[in-house]
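Single chain ahead, by itself, as structure tokens, in the form predicted alone.
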């Protein structure tokens, strides 16, 4: 434990009086590192970094010590035609991280979504698909091997159903469960130094899905498969943070793994102006404190990444109708009460 006192769950009432006038001015990454984390980071994307005002905040390494490319390293972006790789957009994010002295999380080698049609609709047997998959992992991970910013990779993303069974994707259906081990083995051969993660959502608290992930990872470790970390995406809803989040982080860390909160946002019901109720705004602040504090409280939890830092570029409204305002900066790039909640969680 990083702290000898138990993590206290923040409440909306305890934070409702927070004032922007007293807001912490030290950046989130600086506070996170002072608390013992490796980084506090943000996702980003290529079209966003053309926004100069946005880019100025993202490039402040006192706020963000790590960035994740939201889309430019996915399979459809890097190998749209079999054997033909393109890295221009991904390289732009990597160059940004290098220029800013920020770590980079590679995202992602093997995922059931955003696949080019030659993968998702191809005619495969187990051997041919495994060769295509491992070639893809090796090439993409290997392209960035040895670069100082390349901290970690989400090797396999969203492999589980909600009941803890394996998701029926083209890799599982064709290769079987071994596709996961094979992807990790290929990634390790391509970059012996990068931290290799399995990443999923709705695994932040204990339950069937987290149990399925725990069973798989325990088996992979026993078999000598090079898994280094667990990515808990943490796409959450205001007022619904799992009460067992710290407990769950602790049990994965007890396996000797790193744990990271990799895609954190906390959405709320919003009006047409993309503003939540005062109660939800206060609760969101409390929820950010609870989630971030759960990571800080566990030695094996190394970092927190928000899924972009501003509502201006949040994915939430386009996917969850009637929800938004999920991030700690608003559409105008102004810090919200959620920012204060993160500061409190990092400072617990």
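Positions refer to the first chain, counted from 1. Remember, predicted model here, so these are calculated numbers, not experimental data.
What follows is about the form predicted in complex with a small molecule, which we do not show.
* With the small molecule left out here, work out from 65 to 73, 27 to 35, 280 to 288, 297 to 305 which stretch has heavy atoms within 4.5 Å of it in the predicted bound form. => Of the stretches listed, the one contacting the partner is 65 to 73.
* Non-hydrogen atom contact residue 144 with the small molecule in the predicted bound form at 4.5 angstroms -> So residue 144 does not count as contacting the small molecule.
* Flag residue 114 as yes or no: does it have a non-hydrogen atom within 4.5 angstroms of any non-hydrogen atom of the small molecule in the predicted bound form? => Although the small molecule is absent here, residue 114 would touch it in the predicted bound form, with heavy atoms inside 4.5 Å.
* Could you tell me if residue 102 has a non-hydrogen atom within 4.5 Å of the small molecule in the predicted bound form? -> No, residue 102 stays farther than 4.5 Å from the small molecule in the predicted bound form.
* Would residue 136 sit within 4.5 Å of the small molecule in the predicted bound form, counting heavy atoms only? -> It does not: once the small molecule is placed as it appears in the predicted bound form, residue 136 has no heavy atom within 4.5 Å of it.
* Which one of 246, 202, 78, 157 is close to the small molecule in the predicted bound form, taking close to mean a heavy atom within 4.5 Å? -> So the residue touching the small molecule in the predicted bound form, by this definition, is 157.
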